[in-house]
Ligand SMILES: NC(=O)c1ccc[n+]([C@@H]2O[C@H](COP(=O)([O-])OP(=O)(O)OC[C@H]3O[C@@H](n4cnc5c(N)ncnc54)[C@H](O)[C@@H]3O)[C@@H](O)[C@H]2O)c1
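Quick setup: one chain, the form predicted on its own, written in structure tokens, and binding and motion questions come after.
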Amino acid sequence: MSDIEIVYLTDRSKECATRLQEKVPKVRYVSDIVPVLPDIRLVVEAASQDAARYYVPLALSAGVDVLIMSVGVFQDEEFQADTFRLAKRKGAKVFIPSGAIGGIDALCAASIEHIDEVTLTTTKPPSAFGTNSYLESKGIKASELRERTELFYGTAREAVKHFPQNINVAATISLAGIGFERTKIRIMCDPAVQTNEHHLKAKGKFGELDVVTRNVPSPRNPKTSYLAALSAISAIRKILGHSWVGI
């Protein structure tokens, strides 16, 4: 993007960060973002909920806007409240991209009036789940499943706790709609599918919403969808630009 002069990159793995730096123009690795915060307009978290917990307050305290990919961190009500309160006090903004799912703009609009229910059914292939402590506690090995199997059904809050790398979209629709407790999530594993599918349904005073998104998994990380990365890029372009389609 021609409007961007420089991108500072930090990661807990210096080796990974420096390899990426070599491949991408305008990127400079820094071991600590604090010294360069005065020069930064936007901090983009694209790592983990732990990274969000550390870097988001750090950036907002300096009055710097943040874009958060690990949206599941907001299932922690205290962190959510502290983050939005800090952003308001410092005059900074918190941006949450739509990620790997369609219909977020419509859900946000619908939430202005009463919404009766919001449900999300996510279906992914076994390779998307990797090592997961929740599944291990249930004695489930996704790699050994031979038929479509329900792995989880419950609230969005519980879903993002148990599947922090798989279901950030649950947190996004919770924030856009009726919250983490009232939003219901079903997670399916299907050896027959090659895509990450998200089926969002909502019903309320506005009418009914029924959106299916079938995503190609990210080439290097099957736990997430390629569309999620594209969503972040799209959001950055809007933040830097002068128009915004899909509010």
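Please read all numbers here as calculations on a predicted model, not as lab measurements. Quick note: we count residues from 1 along the sequence shown, nothing fancier. If you superpose the two forms and keep the largest set of C-alpha atoms that fall within 1.5 Å, you have the rigid core.
As for the form predicted in complex with the named molecule, it is not shown, yet the points below apply to it.
In the predicted complex, A51 approaches the named molecule with a heavy atom inside 4.5 Å. In the predicted complex, the named molecule sits within 4.5 Å of a heavy atom of A100. For the chain shown alone, A47 is a contact residue for the named molecule in the predicted complex, at least one non-hydrogen atom being within 4.5 angstroms. Mapping the unseen interface onto this chain, A176 falls outside it, with no heavy atom inside 4.5 Å of the named molecule in the predicted complex.
Comparing 58-66, 216-224, 178-186, 33-41 against the named molecule in the predicted complex, the single stretch with non-hydrogen atoms within 4.5 angstroms of it is 216-224. Checking V71, L107, L151, V118 against the named molecule in the predicted complex, a heavy atom within 4.5 Å turns up for just one residue: V71. By the 4.5 Å heavy atom rule, the three marked residues R12, C16 and A228 all count as contacting the named molecule in the predicted complex. Once the rigid core is used as the reference frame, the Cα position of P222 differs between this form and the one not shown by 2 Å or more.
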